[in-house]
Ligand SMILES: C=C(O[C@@H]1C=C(C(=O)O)C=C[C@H]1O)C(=O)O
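What follows is a single chain, given as structure tokens, in the form predicted on its own.
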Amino acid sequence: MSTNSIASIATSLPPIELVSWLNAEGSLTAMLEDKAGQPLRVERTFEGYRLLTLQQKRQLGLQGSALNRPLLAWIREVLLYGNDEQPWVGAQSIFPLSSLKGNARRLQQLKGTPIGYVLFKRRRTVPNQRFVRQTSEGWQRQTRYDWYGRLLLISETFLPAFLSSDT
């Protein structure tokens, strides 16, 4: 890596008003609903099966030969609206098929329900590992959850409308 790319990484920090959101534990859904003063509106943009990319397999913690094998997952992509006409957050949930057993199968039936309602129904926090990065769409937090022994990966990107909302 060149010195210039290290410098650009070091100077690329999220806006101060976003830091607490990127690092928050617990249900982002509940926090967004508090900010909006109403339930979130969820617009599904994709829901179905896809093969995972190498990067997604790594983010799920797979190693060795498991990285070279095809891995099918249930993927759900949504836009979350607070109280504006523009979406506040773009989210992607990745559920490897091996994680969709027993009670976890209901994760395929969320429809317009925010995933936070299910993940944090009985617990305020869930064991996780988080990564924060800037994307072309905005600042993103990627969280790998261990939900009752089932691994899942949720990426939440804070879109420009979120930062410009006055609530």
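Residue positions are given as counts along the sequence shown, with the first one as 1. Keep in mind the model is a prediction, meaning the values are calculated, not measured.
Heads up, the form predicted in complex with the ligand isn't pictured, but that's what we're talking about next.
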query	finding
Blocked or open, judged by overlaying the ligand from its pose in the model of the complex and testing 2.4 Å from backbone or C-beta atoms	open
Proximity to the ligand in the model of the complex (heavy atom, within 4.5 Å), stretch among 97-105, 25-33, 53-61, 66-74	25-33
Option touching the ligand, based on a heavy atom within 4.5 Å in the model of the complex, out of Thr113, Gln38, Thr45, Asn128	Thr113
Contact label in the model of the complex: Phe120 to the ligand, heavy atom within 4.5 Å	yes
Residues within stretch 85-107 having a non-hydrogen atom within 4.5 Å of the ligand in the model of the complex	Ala91, Ser93
